[in-house]
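Below you'll find only one chain, the form predicted alone, shown as C-alpha cells.
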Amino acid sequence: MESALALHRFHFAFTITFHYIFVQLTLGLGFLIFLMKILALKTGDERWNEAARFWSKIFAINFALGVVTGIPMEFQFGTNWSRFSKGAGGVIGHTLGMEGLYTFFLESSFLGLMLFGEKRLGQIGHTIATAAVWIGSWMSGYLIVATNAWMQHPTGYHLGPKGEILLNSWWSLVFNEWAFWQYVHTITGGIVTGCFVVCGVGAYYILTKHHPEAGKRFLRLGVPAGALATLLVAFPTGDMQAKLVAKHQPVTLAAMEALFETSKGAPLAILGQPDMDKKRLDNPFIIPGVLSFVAQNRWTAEIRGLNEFPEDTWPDQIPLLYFAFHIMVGLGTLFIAVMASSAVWLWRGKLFEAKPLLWALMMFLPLPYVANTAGWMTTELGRQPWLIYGLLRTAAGTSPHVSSGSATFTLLGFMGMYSMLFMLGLFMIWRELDHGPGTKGEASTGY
C-alpha cells in the first residue's frame, strides 16, 4: 500500500506541476495583453496592438496546453483518490464545479473573440473581450485556489453520520481567510512569470537585433510591471501567507526552516542542510530573530520547534520541503534585484544599451517557473501528512483497489504523452517567437 500511495502522490504531483507550467503564464500574460490594449487605445499607437496580437498567440498556445493537461487532474480524484472524493466531494465539488461551468467557459468563449474578432468588434470591443479573458483566467484561478485553501485550512463544514464532510457555509468555503492571501500570492507569482517572459523575449530581440523596436516596447511594459509584482509577491502577499502558516500550521513552519528546537527570537536560515537523523540543521547560516518577526511581528516571539510536535504529524519530506521553500525565497529575492535594477536603468533611458542587464533578463526567463513550482511544492509538502489538514490523512484518501502496477502503468503513459505535448508546445511557441510581432505569421490567425 505504501508503494501505491507513493505512486498516487507522485502521479498527481507530476500532472499538476506540468499543468501549472502553462497556467502561470496565462495568469500573468492575460493581464499584460489587456494592458497592451489599453495602451493602444490611450496612445493610438498601432504597435501596441501588434504586440497584443503577438502575445495573444503565445497565450492561446499556453491555454490549449493548459486545458489538455489540466482536465485529467480532476479525473484523478476519482481514479487515484476515490476515498478523498467520496469524503470531501460535497465541499470541493462546489468550487470545482463553478470553475468549470462559469469561469472556464467565460475565459474560453472570449478567447475566440480575442484571437479572431478584432476587425468585427473594433478596438473598444476587442479590448473588452481581452479583459474578459483576463478576468476569466483570474476568476478560474480563485476558485481553484479556494479549493486548495480549504484543504489547507478547512472551514464551514460539519461531519455527516458516516464521517463524510458536509458543507455548512458556502461563504466560508469561497471566502476562506487562507484563500484570499494564497490567491493574491499565486496571481502575483503568475504576473512575475508573465513579466519575465515578456522582458526575456524583449531582451532577446534587442540583443539579436531580430525585432529590436518590439523588444524595447516589451521592456517598457514588462519592467515596471515586473518591478511592482516582484515586490508584491514578497510583501504583503508572501508575508501574510507565512503568518497564516505560523498561525494554523505551526509544525509546517518549523519544517520549512528545519527548526527542531523551540526558540524565542527564532532565526531565519539562509543556508544549511537538514539532518533528520540527528535532528539538526548542518552548516547553518542564520539571521537571529527574523523568523519570529516574520511569523508574529515580534523579534522575541517564541516559535515552536519540530520536537514540540508528535513525529507522526511532521511533514514526511522535510528536507525537500526545506529546500523548496528556500529556493522560492532565494529566487524571489533575485527577481526583486534584477527588476529593480532594470527599472532604474529604464527610467534613466539606458536599459536598451545595458547588455549585462539585458542578458540577465533573458537568462532569468525560465527561473519564475522554478520559483512557482518550488512555491507549490512548499504548499503541498507542508500540508502532509494530511490531504485535508487535521481531518483526512493522505493515506486514507487513496483508491484502495488501484494497485501499484496500475498506478505505474498510467504514470508512464502520462509522462510519455505530456513529453510529446511539451515538445509540440515548445515548437509552436518558438515558431511564433521567430516570426515576431507584425510579420506574415499574423495571417494564420485571421489578422
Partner chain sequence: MLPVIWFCIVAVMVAMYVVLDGFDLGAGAIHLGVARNDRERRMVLRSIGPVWDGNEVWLLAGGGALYFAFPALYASSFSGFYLPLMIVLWLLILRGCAVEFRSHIDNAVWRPFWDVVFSFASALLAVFFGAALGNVVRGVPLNADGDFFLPLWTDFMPGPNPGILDWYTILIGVFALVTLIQHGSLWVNYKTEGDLQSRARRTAFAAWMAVVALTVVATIASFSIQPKLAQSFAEMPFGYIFPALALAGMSGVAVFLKKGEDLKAFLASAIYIIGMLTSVVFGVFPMVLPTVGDPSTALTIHNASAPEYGLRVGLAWFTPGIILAIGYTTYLYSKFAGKVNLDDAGH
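Keep in mind the model is a prediction, meaning the values are calculated, not measured. Positions refer to the first chain, counted from 1.
Heads up, the form predicted in complex with the partner chain isn't pictured, but that's what we're talking about next.
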Review point. Any chance all of L35, A258 and N297 sit within 4.5 Å of the partner chain in the model of the complex, going by non-hydrogen atoms?
Key: no
Check your understanding: Hey, of 401 to 409, 42 to 50, 25 to 33, 382 to 390, which bit sits against the partner chain in the model of the complex at 4.5 Å between non-hydrogen atoms?
Key -> 401 to 409
Check your understanding: Between the options G97, P288, G160, P366, which residue brings a heavy atom to within 4.5 Å of the partner chain in the model of the complex?
Key -> G97
Practice item. Check each of S169, T208, T333, N283 and return the one that places a heavy atom within 4.5 angstroms of the partner chain in the model of the complex. Key: S169
**Study point:** Close approach of T262 to the partner chain in the model of the complex, 4.5 Å, heavy atom
**Key:** no
**Study point:** Contact of L101 with the partner chain in the model of the complex (heavy atom, 4.5 Å)
**Key:** yes
Review point. Is I92 close enough to the partner chain in the model of the complex to count, meaning some heavy atom within 4.5 Å?
Key: yes
Check your understanding: Any of the heavy atoms of T79 lying within 4.5 Å of the partner chain in the model of the complex?
Key -> yes
**Study point:** Contact set, 64 to 85 vs the partner chain in the model of the complex - heavy atom within 4.5 angstroms
**Key:** A64, L65, V67, V68, I71, P72, E74, F75, Q76, F77, G78, T79, N80, S82, F84, S85
